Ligand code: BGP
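To begin, one chain is listed below as structure tokens, in the form predicted on its own.
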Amino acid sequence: MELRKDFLWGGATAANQYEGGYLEGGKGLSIADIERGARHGMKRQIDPDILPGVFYPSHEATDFYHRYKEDIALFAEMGFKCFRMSIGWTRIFPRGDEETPNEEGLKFYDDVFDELLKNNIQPVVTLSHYETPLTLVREYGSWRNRKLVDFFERYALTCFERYKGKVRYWMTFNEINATMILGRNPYHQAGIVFEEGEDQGKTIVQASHHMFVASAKAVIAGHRIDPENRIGCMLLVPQAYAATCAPEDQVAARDKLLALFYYGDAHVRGYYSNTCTAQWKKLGAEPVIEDGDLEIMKAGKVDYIGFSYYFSSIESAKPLEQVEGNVIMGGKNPYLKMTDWGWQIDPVGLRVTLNMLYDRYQVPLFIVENGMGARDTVEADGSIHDPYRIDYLRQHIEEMIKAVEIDDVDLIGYTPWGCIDVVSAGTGEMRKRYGFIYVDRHDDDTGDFSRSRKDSFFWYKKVIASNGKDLSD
């Protein structure tokens, strides 16, 4: 089995890290708009308001809002078959609880989708990518509140109806399992700031239940509005290996993946499995399930799994040296190299992940985030040589192809993260670059936002043109 002829090669971004124009076009504030990132003094915490004179990197980000035609032309030059992006919820419903959407926001995405389609690029759209409307957090308590199910359903319906025929591939919540992985601070994903004395486990499972019902309602509506819609979930995969052959370490490695399976089971199987009920026991809490919720979850199962894969870790019943990763820490693996930001590089782990997910769920998979943050240097002649990025992506694509050709995994596509430089979600940095396209934007709030092609731009163009057969430099 080879990669399908219509394999969706492309790239991935998110509105809050890329779009900019944070209050233009009638847009309201989201939770991302009041985060500054670790480098700027706030790591997954919130300010009470936008602070005067303080630099918020995401407010301008890398300015897709004003430069989308230029960027899409560059994506087309690379040969993108798809572009994974998110809609800013607060561009459509500035507060999140309105009955009437913001036409100017709707029109912006109409223009973006039209430009993509004109260039034969399929939009792959996430409805909620770490951008819960701030009003819903402050006035409703975010996803603790059942009312958010209705607000999200209205938002999803609006998008499905408006963009019918333009968008075929959708995902509901980005890295939804980060709500549980982040544990004591699920603000970044679910907009939840715990109150003193609050039962945190209860809040996590209840907020997650509301998100499951909201996602399922969106899937049901999306299929009704356009039967050609393919609607997926999006999961963060914190791949883990046992540190030793000690049986207790095998249990520790499985425990690292339980939050992944909790959210995967609810979305794909459409019910709370034993994995889910076991998590309730560990957290000492069960969700309040209203009449009809379980039927909705069953009817609103997703069509595919989109997922992010960046790194793996080792786990043990005994203490280990910890290293950084995407949202979550993990044990240091002596067999792996690391990125400049201390994330372990494990291409084989992508093949392991593809097999793990496909074995468990038997639905198509879509790698919607994969990449490495690195420091790029602009040479005197304007060139940008990034062999480290090419090497990283080549190794991961090789393992991805093995999963398809040798293991018969059903894979829809591959969209490396930050195909153009974006602001880091966790650190708020620009120097942590992922893209094939360099953006002249820096951590000191300087730069003219001009775009330039890195060496990896030309390499990835060749990869796409050959449908993954030519991975040479």
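In case it trips you up, residue 1 is the first one in the sequence shown, and so on. From a predicted model like this one, the values you see are computed outputs, not experimental measurements.
Quick note: we don't show the form predicted together with 6-O-phosphono-beta-D-galactopyranose, though the next part is all about it.
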>> Within 4.5 Å of 6-O-phosphono-beta-D-galactopyranose in the predicted complex - does that hold for a heavy atom of every one of Tyr130, Trp343 and Ser424?
In response: yes
> Only one of 91 to 99, 314 to 322, 141 to 149, 171 to 179 gets a heavy atom within 4.5 Å of 6-O-phosphono-beta-D-galactopyranose in the predicted complex; which is it?
Replying inline: 171 to 179
> Of the options Tyr56, Tyr438, Trp417, Tyr65, which one has a non-hydrogen atom that comes within 4.5 Å of 6-O-phosphono-beta-D-galactopyranose in the predicted complex?
Replying inline: Trp417
> Of the residues Phe83, Tyr310, Phe160, Phe261, which one places a heavy atom within 4.5 Å of 6-O-phosphono-beta-D-galactopyranose in the predicted complex?
Replying inline: Tyr310
>> With the partner left out here, check for me: in the predicted complex, does some heavy atom of Gln395 sit within 4.5 Å of 6-O-phosphono-beta-D-galactopyranose?
In response: no
> Do Val327 and 6-O-phosphono-beta-D-galactopyranose share at least one heavy atom pair within 4.5 Å in the predicted complex?
Replying inline: yes
> Lys27: heavy atom within 4.5 Å of 6-O-phosphono-beta-D-galactopyranose in the predicted complex?
Replying inline: no
>> Considering non-hydrogen atoms and a 4.5 Å limit, does 6-O-phosphono-beta-D-galactopyranose approach Lys432 in the predicted complex?
In response: yes
